[in-house]
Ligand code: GRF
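For reference, the chain that follows is the form predicted alone, supplied as structure tokens.
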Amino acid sequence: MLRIVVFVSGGGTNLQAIIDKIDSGSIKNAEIAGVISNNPNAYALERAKEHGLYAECVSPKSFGTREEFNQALLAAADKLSPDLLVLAGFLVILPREMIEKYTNRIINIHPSLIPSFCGKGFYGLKVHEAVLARGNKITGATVHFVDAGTDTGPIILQKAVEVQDGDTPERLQKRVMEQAEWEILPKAIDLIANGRIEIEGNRVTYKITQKAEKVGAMDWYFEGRR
């Protein structure tokens, strides 16, 4: 059973998607060991408690230095003995010690099709504002492994979403979450929990036994290992 710890900063809609997919059996062989937030007012903490999950806030405001906060964040994760850390809208840069300790065991959901609209300064509504300002017709979301860079780790899954006339950043954000994020983040966890992916350099390869699976915005066909 894959033990996952979910890191959140806000409402926790991606956390809810994970909970729902575990409850429905869409995510197999995985359980949520705990939820950690940097924000004491994050509604995600309430979602966790409502589902009987361990929830903890580790706020940088509670510590005198960034190093103290980093050590506390790492300790909070370590005590839950996780197999996988899931960044589901976590707006804090992870300590290097955590990235090194959990190499290839941290994944993140980003609200664009990486490498577009990613990296420093691209988070939350800022991503969708930039998409609209550029006039893109397609956007989407990406699940990737976390490395020492910003949104530079191996890509696991992506799904495209149409930009519509009259979109506001808020409206586009909602559609990207509903049509992409809430689908591909649980799917990535299920793939990892069931040993269906490998990392080769900066590329993810798949080991799928089914003839075909619906992944993202298109049909992917696998014969053994892709």
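Worth saying up front: this structure is predicted, and the values here are computed from it rather than measured. We number the residues from 1 along the sequence you see.
We do not show the form predicted together with this ligand, though everything after this point is about it.
Put simply, of Val131, Ile106, Ile109, Ala77 only one has a heavy atom within 4.5 Å of this ligand in the predicted complex, and it is Ile109. Taken together, Ala88, Met177 and Glu181 are fully in contact with this ligand in the predicted complex: each brings a heavy atom within 4.5 Å. Of the candidate stretches 95-103, 109-117, 152-160, 77-85, only 109-117 has residues whose heavy atoms lie within 4.5 Å of this ligand in the predicted complex. For Asn70, no non-hydrogen atom is located within 4.5 Å of this ligand in the predicted complex, even though that partner is not displayed.
Looking at Gln173, you'd find a heavy atom of it within 4.5 angstroms of this ligand in the predicted complex.
Heavy atoms closer than or equal to 4.5 Å to this ligand in the predicted complex belong, across 45-64, to no residue whatsoever.
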